[in-house]
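What follows is a single chain, given as structure tokens, in the form predicted alone.
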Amino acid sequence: MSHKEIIRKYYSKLGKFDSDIKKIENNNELHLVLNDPNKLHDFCKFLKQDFDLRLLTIICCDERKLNHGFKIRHVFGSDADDFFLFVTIFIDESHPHFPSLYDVFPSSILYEREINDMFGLIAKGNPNIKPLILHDFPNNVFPLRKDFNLNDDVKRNLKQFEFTPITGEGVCEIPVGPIHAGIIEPGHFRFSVLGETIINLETRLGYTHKGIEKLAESMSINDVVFLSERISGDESIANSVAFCQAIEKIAKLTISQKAKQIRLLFAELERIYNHFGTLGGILADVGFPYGASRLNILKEQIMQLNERLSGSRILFGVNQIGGVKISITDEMLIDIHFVLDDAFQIFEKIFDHLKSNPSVMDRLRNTGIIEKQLARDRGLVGISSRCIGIETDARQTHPYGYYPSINLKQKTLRETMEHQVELQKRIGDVLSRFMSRVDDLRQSKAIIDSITTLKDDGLSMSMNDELIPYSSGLGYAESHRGETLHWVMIGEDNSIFRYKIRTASFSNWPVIEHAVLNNIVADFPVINKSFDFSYSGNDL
């Protein structure tokens, strides 16, 4: 079904709201402008009940110089169709309030808190108005408003963060972080425990907030590619692909088949080296050093391959708007296949050894369980959702780049009867996430194996024309952590007017507060590692 047919199918069911909305189409995006913000709640409830759409992100934009107010775009996605629905409301600057969607889409609570921090707009009906990002900004300073100068010297205003007190006989608090004993990035975890059992966890992140979205507004489009790679170093390909695709959509620029193939190869190599590292980390946390060390050796082999191919172990400098900077030769392709064949032979032996080790399997089984409904309500993406049957893989639901040329379902074990039975046993615990990550590794290997020859139609297309001011586009990619979204609005003279990033980590981090409940404190590291969150990818 074409994008126009998909959009027509959805739009035709909006009859009772027809007089309240204005329709705009943009490729696989349908933009609906809701004339009355007070109808947002009922409209979004209808979208959830009748269309089964997921809330993907909420984008606020300071458009006061254009129309004396702010626009808030609620972005929804379908797991069945390659389709994104934007529902936009206008907020007058004299009334800085907008309706909360918390009781319809609980995941909206994060985005609404973020909008309060960065723009000073308040979501009416949101039960949690605690600051999310800005730990020490004055209450009247909002960094993503247009009148905030990036070079201003903001006076620090340290504020006490009010953690929720948990009281009762025998209840103790264990504060962990934000500075940790290891080399991980900062984050604060406030455990409430009864004996060794965790009865509540409250997290506080944002310690490495870098101001990336604001910084992009002062940079050229090409320089923002460099910036996007550094959102989270181990997701450099996924983030730069998503940003480049957003600009390419705005510019109506179609990149070459060879560039698409190269982006795919590097994206899957990025997925493989990270999955090896995460599986190794899980095994280290359960005290299985043999498996951990062997998997980290495999990770190192892939990172050395990355360096031979691109000059960067973590694949900086591969993508550019219109294509790629790095060419893959036939000899390089042979090297990729040789290294992966060798690595996966070793991996399968390690995995067979793991499956027969009851002490490892028992440590992972029934630990850190997440129920399917909770995962859907909280907007989980990637491995964390797929392991319990919520298909959020952007490579399949919204195929991009070279992925439409590959039948992903034939590149995975999910089609075998034996594997279908195994999938039914997965309950959203650490073992489920471990096994789904193994599936993902095998799928990535099969995808790369399918690329046996490279097209010969160039590496990059130039973008000569000036982009239409205030046009926008949504780019997306599937990182090893999950669905990644980059929305860009162009300003005057090809500048960035607004850059909104939503990584998989931003969607997934809150679930740790639920996954640890009724587990013991010693289970926290392995539960945490099984989700593979990124601090930097969250603290933009």
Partner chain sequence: MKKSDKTNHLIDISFKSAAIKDPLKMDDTVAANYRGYVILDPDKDFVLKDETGKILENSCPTHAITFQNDGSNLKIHLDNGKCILCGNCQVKSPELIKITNKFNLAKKRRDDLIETFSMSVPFGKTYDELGQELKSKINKIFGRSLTIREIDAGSCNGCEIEINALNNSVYDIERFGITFVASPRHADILLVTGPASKNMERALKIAYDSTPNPKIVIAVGACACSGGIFGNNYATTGGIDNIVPVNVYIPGCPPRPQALLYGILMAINKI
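Nothing here was measured: the structure is a model prediction, and the numbers come from that model. Residue numbers count along the first chain shown, from 1.
Although it is not shown, the form predicted together with the partner chain is what the next lines describe.
Only one of I328, I133, L269, I198 lies close to the partner chain in the predicted bound form, with a heavy atom inside 4.5 Å, and it is I133. Think of it this way: in the predicted bound form, the partner chain has a heavy atom of just one of P399, P106, G125, G211 within 4.5 Å, and the residue is G211. Using a 4.5 angstroms heavy atom cutoff to the partner chain in the predicted bound form, all of N151, K299 and E307 count as contacting. The stretch that touches the partner chain in the predicted bound form, counting heavy atoms within 4.5 Å, is 215-223, out of 465-473, 437-445, 259-267, 215-223.
Residue contact with the partner chain in the predicted bound form: L333 places no heavy atom within 4.5 Å of it. In the predicted bound form, P96 stays away from the partner chain, with no heavy atom inside 4.5 Å. The partner chain is not shown here, but in the predicted bound form it comes within 4.5 Å of a heavy atom of G233.
Among residues of the shown chain, R313 is one whose heavy atoms approach the partner chain to within 4.5 Å in the predicted bound form. Counting a residue when any of its non-hydrogen atoms is within 4.5 Å of the partner chain in the predicted bound form, the one hit in 245-280 is Y273.
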